[in-house]
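Take a look at this single chain in structure tokens; it is the form predicted alone.
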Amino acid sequence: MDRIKSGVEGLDGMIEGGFVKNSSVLIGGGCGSGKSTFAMQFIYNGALAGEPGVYVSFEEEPEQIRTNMAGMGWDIEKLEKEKKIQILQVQPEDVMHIVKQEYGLISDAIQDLGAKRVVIDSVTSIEMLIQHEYERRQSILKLLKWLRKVDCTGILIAESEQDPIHYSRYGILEFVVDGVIVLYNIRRGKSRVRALEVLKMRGTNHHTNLVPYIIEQGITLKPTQPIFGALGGE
């Protein structure tokens, strides 16, 4: 299978070299786990490697995203000017219009940029606006079908609990996407540690153990370190 590098240091070795091309991967996690950082790292490093990307935000302002990611040492604005990255904000009141129009606005951005990567931040915003379970499931399936149609590898961000039973708000997405990566921000005594789990990755013989990571200049996995070994006492 053709593989797309994740851009996250240490991850590709866990998933046979990267994400399957044109697959859809859910990134789930609670507050402070680094979901948006993971997603922009995927877009940013892809752009540097010659694979332009579109980052779609349903909640955060583009300028705030640029400012947050500048703290990682990433010059997002420079890559935007070079037509390698586009941050596309969709206002909350326009989300359902975009869905009903089969993501035409986002498709146009992908086509204009020649994008090979796309992030939806967050798909929880779509789920919350659909009241009926059947319609919600059909909308999610339509989203995944659209992703395949536009010839992009997609990251879908979903908000979940720190120790989740479901990895998306209604427990649907994790069953229909191609891959699920869970980011944990675990409290241990007086400290917290972050850990990543590859819960699912179709067509891939992936690692199943939890791996600690740090967030400095992006996310870096530390597969040789114990998760709780360096933490303070209870």
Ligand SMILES: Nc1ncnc2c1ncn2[C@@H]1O[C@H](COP(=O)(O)OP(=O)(O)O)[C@@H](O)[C@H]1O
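All residue numbers refer to positions in the sequence shown, first residue = 1. Because the structure is a prediction, the values reported are computed rather than measured.
This protein has a second form, the form predicted in complex with this ligand, left out of what is shown; the following refers to that one.
Visitor: In the model of the complex, does each residue in the set Gly32, Met72 and Ile215 place a non-hydrogen atom within 4.5 angstroms of this ligand?
Guide: Yes, all three are in contact.
Visitor: Taking this ligand as it sits in the model of the complex, is Arg194 in contact with it (heavy atom to heavy atom, 4.5 Å or less)?
Guide: Close contact exists here: in the model of the complex, Arg194 approaches this ligand to within 4.5 Å, heavy atoms only.
Visitor: How about Asn45 - does it come within 4.5 Å of this ligand in the model of the complex, if we only consider non-hydrogen atoms?
Guide: Close contact is absent here: in the model of the complex, Asn45 is far from this ligand, nothing within 4.5 Å, heavy atoms only.
Visitor: So in the model of the complex, does any heavy atom of Thr204 sit within 4.5 Å of this ligand?
Guide: Judged by the heavy-atom cut-off of 4.5 Å, Thr204 is well away from this ligand in the model of the complex.
Visitor: At 4.5 Å between heavy atoms, is Thr37 in contact with this ligand in the model of the complex?
Guide: Close contact exists here: in the model of the complex, Thr37 approaches this ligand to within 4.5 Å, heavy atoms only.
Visitor: Quick check for you: of 64-72, 174-182, 196-204, 45-53, which stretch puts a non-hydrogen atom within 4.5 Å of this ligand in the model of the complex?
Guide: Checking each option against the 4.5 Å cut-off leaves 64-72.
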